[in-house]
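Starting off, we have a lone chain in the form predicted on its own, written out as structure tokens.
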């Protein structure tokens, strides 16, 4: 039950932050728009978007056929006429942009911004339009309307567009169920607290303060402050109901992943390829956590059930069930770092995103097709949440006692290039090269509905 002390203004919040569209909509497009016209002309077009933006309000008449959500880059704020003074009130990492922070993120070598797709990370992307649709025909119609409105306005062009579609079984291209392990937000998704919130000493969980994800609300530092001193946010009115968005295109080398798993499995526990892959990920393909079912998946596991993610790592401190360096353990250590999870819960993110490209059929050779995952996350602080996870947990093994071992899936290709799988004896897995490569990305800001109106009116200060 939601805490009565917390009331989130859902009418002022864009809908894709607290509401996961993925399982409701099979088709999603991310269109990055460049503004080449004067700010007044751009704001007229921007104003026309407002009536179509999907908010977080409950759907009274069923699911809308399509949804629209809007985000902006730092360069986009300026192109829309927001003053340099107001832009300076946003976080430094947002203003600098993802590509300028590539080295600290591990976007080097094959993932270096110099090899990113055109339109991403080069300063040309100003506004991101995210369109979701239930049916392919509705998706095509919504894209057509978007382009027609841009043509009518003039001075606008799409510099990058990524179309995505839900894969069978809500899986990603390596075959794993994805997207169901989300943080519980106080006042919005308190029912997901078991496994999704903050672990407490009595064995229960509590939901995270909403200010961890939505600006203008108490966060974990201020939740018990009777004066409700709110965290830093951009200058009013832009900070109200806004959040920072991370967008990354991640290419998945499915053929290499399968080959590495198959070759390594010949030396691992009688060739159990599926178990070896589960050790890398930390879950079986259906989402069953390895820490609770180390030998085989739970036939009754339901990723959507309450408590499906209600597990901790304190009883597996040696990593014999779920390796210390498995992907889900590194990306969300829960209580694995001690102190009842106090070192981890300030780094949670709301993760969205969709797979792109056609699946590579089982047993087929590499077809060199472009396929992977569009990673999207929402957080109040890019540096404390997304960047901390990327830098300290995925690309640095020291905090887990793993030395220079990096995350096998999303860690950068520098370092040892291996993963240690605890056992008697331990097993060492090394890839030939990165199985996931960054193809581009942007740091964005998702304004609240009232903030969108202020941008359109030119009244941001």
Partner chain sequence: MSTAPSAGPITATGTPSERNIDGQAIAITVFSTVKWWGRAFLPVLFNVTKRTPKLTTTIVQLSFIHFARWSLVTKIPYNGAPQPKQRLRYPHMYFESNFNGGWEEYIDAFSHILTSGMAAFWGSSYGFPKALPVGPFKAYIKENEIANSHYYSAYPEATITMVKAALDLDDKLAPLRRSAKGMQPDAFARAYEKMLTDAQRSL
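Positions refer to the first chain, counted from 1. Predicted model, so just to flag it, every value in this text is computed and none were measured.
Beyond the structure shown, there is the form predicted together with its partner chain, which is absent from this document and is the topic of what follows.
Go through 54, 420, 47, 41 and name the one with a heavy atom inside 4.5 Å of its partner chain in the model of the complex. Flagged contact: 420.
304, 269, 317, 83: which sits within 4.5 Å of its partner chain in the model of the complex by any heavy atom? None of the others qualify; the residue that does is 317.
Partner-proximal stretch of 161 to 169, 387 to 395, 197 to 205, 120 to 128 relative to its partner chain in the model of the complex, 4.5 angstroms, heavy atom: Contact criterion met by 387 to 395 only.
Non-hydrogen atom within 4.5 Å of its partner chain in the model of the complex for each of 225, 401 and 404: Checked in the model of the complex: all three residues contact its partner chain.
Using heavy atoms and a 4.5 Å limit, would one call residue 211 a contact residue for its partner chain in the model of the complex? Outside the cut-off, so no.
Using heavy atoms and a 4.5 Å limit, would one call residue 141 a contact residue for its partner chain in the model of the complex? Output for residue 141 is no: heavy atoms all beyond 4.5 Å of its partner chain.
Would you please decide whether residue 60 lies within 4.5 angstroms of its partner chain in the model of the complex, comparing each non-hydrogen atom pair? No, residue 60 sits far enough from its partner chain in the model of the complex that none of its heavy atoms falls within 4.5 Å.
Evaluate residue 257 for contact with its partner chain in the model of the complex, applying a 4.5 angstroms cut-off between non-hydrogen atoms, and reply yes or no. Output for residue 257 is no: heavy atoms all beyond 4.5 Å of its partner chain.
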